[in-house]
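Single chain ahead, written as structure tokens, the form predicted alone.
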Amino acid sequence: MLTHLMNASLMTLGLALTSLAVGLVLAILLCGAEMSRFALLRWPANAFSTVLRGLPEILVVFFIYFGSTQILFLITDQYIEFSPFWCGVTALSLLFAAYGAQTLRGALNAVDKGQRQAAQALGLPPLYTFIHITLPQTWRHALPGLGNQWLVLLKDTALVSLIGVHDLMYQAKAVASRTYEPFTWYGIAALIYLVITVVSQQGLQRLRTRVTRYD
């Protein structure tokens, strides 16, 4: 039984890390679109963020999993079931992107404009200024917020157990139902979640210390 939970915790970690990677890329693109001068990019990006941040996470998960199947059925007249894992990754990535874009935008705005103006006065190319001056400072400002969202993402992975992903929460529920010992197995699952979270916090703290050591 315990082996099942340990294996399921690997599934949870894989789900969270995949969602983080996809969500971070989407967040960068979304942040760029939200700060664009072009309304055709800015308006849809703002609408996307507003909708995703205004919906409960579980509703987004259900919409991606059940909604996509229904829409595909209406188009193709065939019942095609998507992988629960990838539906979960899609939902969690979109949620991470919606919140992450706001963190990145705030971090970008926090960089002192005077430094960019000074670089411009020195004749430095805009791309060089962005890569060597703006980007490192944006990363330092954004790291605490993105780290906090990573911890939220870790806990939100429990939601995808409701669409059949065999993650830690799914296995804990299955074992508790079979053994009639919910306190024991949900307690073990809670302990595993806690260990993963604490280890993540320690890693984030080290990363933050390393990034800010020259401040």
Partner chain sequence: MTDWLFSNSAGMPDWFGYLPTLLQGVNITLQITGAGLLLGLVIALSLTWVLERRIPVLAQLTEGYLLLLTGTPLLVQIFLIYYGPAQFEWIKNSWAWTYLREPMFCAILALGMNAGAYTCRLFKGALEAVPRGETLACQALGMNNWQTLSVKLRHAMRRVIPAYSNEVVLVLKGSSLASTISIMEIMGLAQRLNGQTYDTLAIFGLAGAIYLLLNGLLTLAFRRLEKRALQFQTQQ
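All figures in this text were calculated on a predicted structure; none of them were measured in a lab. Residue numbers count along the first chain shown, from 1.
Although not depicted, the form predicted in complex with the partner chain is the subject of the following passage.
Student: Check, residue by residue, if Leu55, Phe62 and Gly187 all come within 4.5 Å of the partner chain in the predicted complex, counting heavy atoms only.
Tutor: Heavy-atom distance to the partner chain in the predicted complex: all three under 4.5 Å.
Student: Just give me the single entry in Leu74, Ala121, Ile80, Ile131 that has a non-hydrogen atom within 4.5 angstroms of the partner chain in the predicted complex.
Tutor: If I apply the 4.5 Å criterion carefully, the residue I get is Leu74.
Student: Quick check on this chain: which one of Met169, Val175, Leu26, Ala45 has a heavy atom within 4.5 Å of the partner chain in the predicted complex?
Tutor: The option sitting close enough to the partner is Met169.
Student: Hey, in the predicted complex, does Ser161 get a heavy atom within 4.5 angstroms of the partner chain?
Tutor: So Ser161 counts as contacting the partner chain.
Student: Please determine whether Phe183 contacts the partner chain in the predicted complex, using a 4.5 Å cut-off between heavy atoms.
Tutor: Flag for Phe183 set to yes.
Student: Is Val199 close enough to the partner chain in the predicted complex to count, meaning some heavy atom within 4.5 Å?
Tutor: No, Val199 stays farther than 4.5 Å from the partner chain in the predicted complex.
Student: With the partner left out of view, is Val51 within 4.5 angstroms of the partner chain in the predicted complex by any non-hydrogen atom?
Tutor: Close contact exists here: in the predicted complex, Val51 approaches the partner chain to within 4.5 Å, heavy atoms only.
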